[in-house]
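Below you'll find only one chain, the form predicted on its own, shown as structure tokens.
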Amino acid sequence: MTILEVASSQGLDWSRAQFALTACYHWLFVPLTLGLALVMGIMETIYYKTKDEFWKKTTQFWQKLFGINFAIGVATGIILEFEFGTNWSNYSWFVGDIFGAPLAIEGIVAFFMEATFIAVMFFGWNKVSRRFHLASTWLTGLGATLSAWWILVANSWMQHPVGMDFNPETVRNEMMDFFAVAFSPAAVNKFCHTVTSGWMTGAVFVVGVSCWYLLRGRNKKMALASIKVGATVGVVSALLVLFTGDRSGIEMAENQPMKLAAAEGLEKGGKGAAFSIVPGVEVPGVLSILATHDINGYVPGTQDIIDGYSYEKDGKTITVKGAKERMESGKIALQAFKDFRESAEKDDQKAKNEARATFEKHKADFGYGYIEKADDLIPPTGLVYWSFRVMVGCGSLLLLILIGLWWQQRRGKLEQSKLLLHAGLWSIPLVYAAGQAGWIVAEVGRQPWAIQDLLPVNAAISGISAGAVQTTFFIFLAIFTVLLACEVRILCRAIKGHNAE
């Protein structure tokens, strides 16, 4: 299948389902890796300063859980990257020069950094100096964070492609500005929001496990000390998640207005747009504040984006083309591209130059030429709308629980607060629900685009049969489920069997 052909709906749906399955499973492990790395780094720093063996044993316990989680997370991540070549080869060809660069850096630099220092972290106790071991623990966490940076650079570029230009000679987008790709505002916002949410996940996990110990009257000293560190990290992280989420909302409104409209279930927008808490319950003007930091800011709805709209900004009238107009322009770009390729084969330089001039004029709408119906540009609104509310609702509840645990621990009355301890324990599934819902908003919200406004998913996949993808989907489902069950069982056995007293 060439870049100009589109896939069957069945093959496309199964390829999307398989990638979503792999990504969802992978994201069960990554945030815990990021969060535990920070918590155990803080705990070992306390040990380094105090020389108290209690903090060494506490750090070693959380490092053990970190290691169990890290091993399975790597396995799912490798499969996820391979799927770009097997299921999405058109995508890989079309933007491999750009998308491959950050992934290559992640593998060569960040992953090897993790692999090197994680060995010292686990096996270097009493074999290297305390200072070197502490550095290894922090460098393991730094390596994991750098891995996240480069992977999120690649993902952010899919959300807001910058720093490249399409070359019709090679049928590839080629990188023109590496730093524009690596440090775009979209990449910085996504990295900060994702990593701080990972810190929150690790903190909540530490707090939840510690609450379980207190509810059973076990390992009280370790549990209280871990809650002190975990709740502090969790509260700070939750506040950072709120701040970075606000910045991400501004960036989404500028570059992905359809995603924002879907997340709000907003069909017709305007100035002073209301924020929908749930259907039928709205707060006037709040959406405009969140999207533009101006209560009178204009926010388009899904239908506005389809039809086209105009709004005032800084005394100027800005007009945005509608979907149908862009689709027509995109079809002209596709035809011009075909003409360019044909004239190149015939060595007709005049026709080639004319076709290229037409293509360059309509190049910005190239991806819209693959869209069959304007309504296809509207993502599954119900799924995105409710996922956004799960993310925000769970995140807000977690912040309240963490503040409560931190306050009661500070007052020395946490062991008597049974209801709060139960809430701390059940915050573990809550934080995972928030994380998964956030990625649904990010990825489902930009459908039908593999790369926003540039390449739709129906033109990005490989020429692979639906049957083959179905088979591997169920194989992966079985393998990932077994891996997850094994990890949960091993983690539970390690937690239940630990005796710090």
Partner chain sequence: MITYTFLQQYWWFIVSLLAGILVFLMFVQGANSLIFRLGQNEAERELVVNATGRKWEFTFTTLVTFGGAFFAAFPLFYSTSFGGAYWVWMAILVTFVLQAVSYEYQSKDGNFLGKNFFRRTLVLNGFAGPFLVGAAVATFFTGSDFCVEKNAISEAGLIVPAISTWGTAWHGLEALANPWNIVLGMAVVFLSRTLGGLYLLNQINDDQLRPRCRRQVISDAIPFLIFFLAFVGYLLCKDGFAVDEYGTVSLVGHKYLTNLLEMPVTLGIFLVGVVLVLLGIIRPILNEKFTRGIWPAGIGTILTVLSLFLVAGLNQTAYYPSVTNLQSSLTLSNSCSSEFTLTVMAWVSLFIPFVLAYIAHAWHAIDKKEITKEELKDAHHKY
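These figures come from a predicted structure and were not determined experimentally. Positions refer to the first chain, counted from 1.
If you look for the form predicted in complex with its partner chain, you will not find it shown, but the lines that follow are about it.
Asker: Just to confirm the contact call: exactly one of 112 to 120, 299 to 307, 187 to 195, 421 to 429 touches its partner chain in the predicted complex at a 4.5 Å heavy atom cutoff, so which is it?
Answerer: Selected range: 112 to 120.
Asker: Should Thr45 be classed as touching its partner chain in the predicted complex when contacts are defined as heavy atoms within 4.5 Å?
Answerer: The answer is no: Thr45 has no heavy atom within 4.5 Å of its partner chain.
Asker: Can you check whether Gly124 is within 4.5 Å of its partner chain in the predicted complex, heavy atom basis?
Answerer: Although its partner chain is absent here, Gly124 would touch it in the predicted complex, with heavy atoms inside 4.5 Å.
Asker: Is the gap between Arg218 and its partner chain in the predicted complex 4.5 Å or less for some heavy atom pair?
Answerer: Contact check for Arg218: no, nothing within 4.5 Å of its partner chain in the predicted complex.
Asker: Would you classify Glu345 as touching its partner chain in the predicted complex, given a 4.5 Å non-hydrogen atom cut-off?
Answerer: Output for Glu345 is yes: heavy atoms within 4.5 Å of its partner chain.
Asker: With its partner chain left out of view, which of Phe388, Phe275, Trp212, Phe84 would have a heavy atom within 4.5 Å of it in the predicted complex?
Answerer: By the 4.5 Å criterion, the partner-contacting residue is Phe84.
Asker: Of the residues Met176, Ala364, Ile295, Ala357, which one places a heavy atom within 4.5 Å of its partner chain in the predicted complex?
Answerer: The residue in contact is Met176.
Asker: Counting only heavy atoms, which residues in 311 to 348 are within 4.5 Å of its partner chain in the predicted complex?
Answerer: Contacting residues: Leu334, Phe337, Lys338, Arg341, Glu345.
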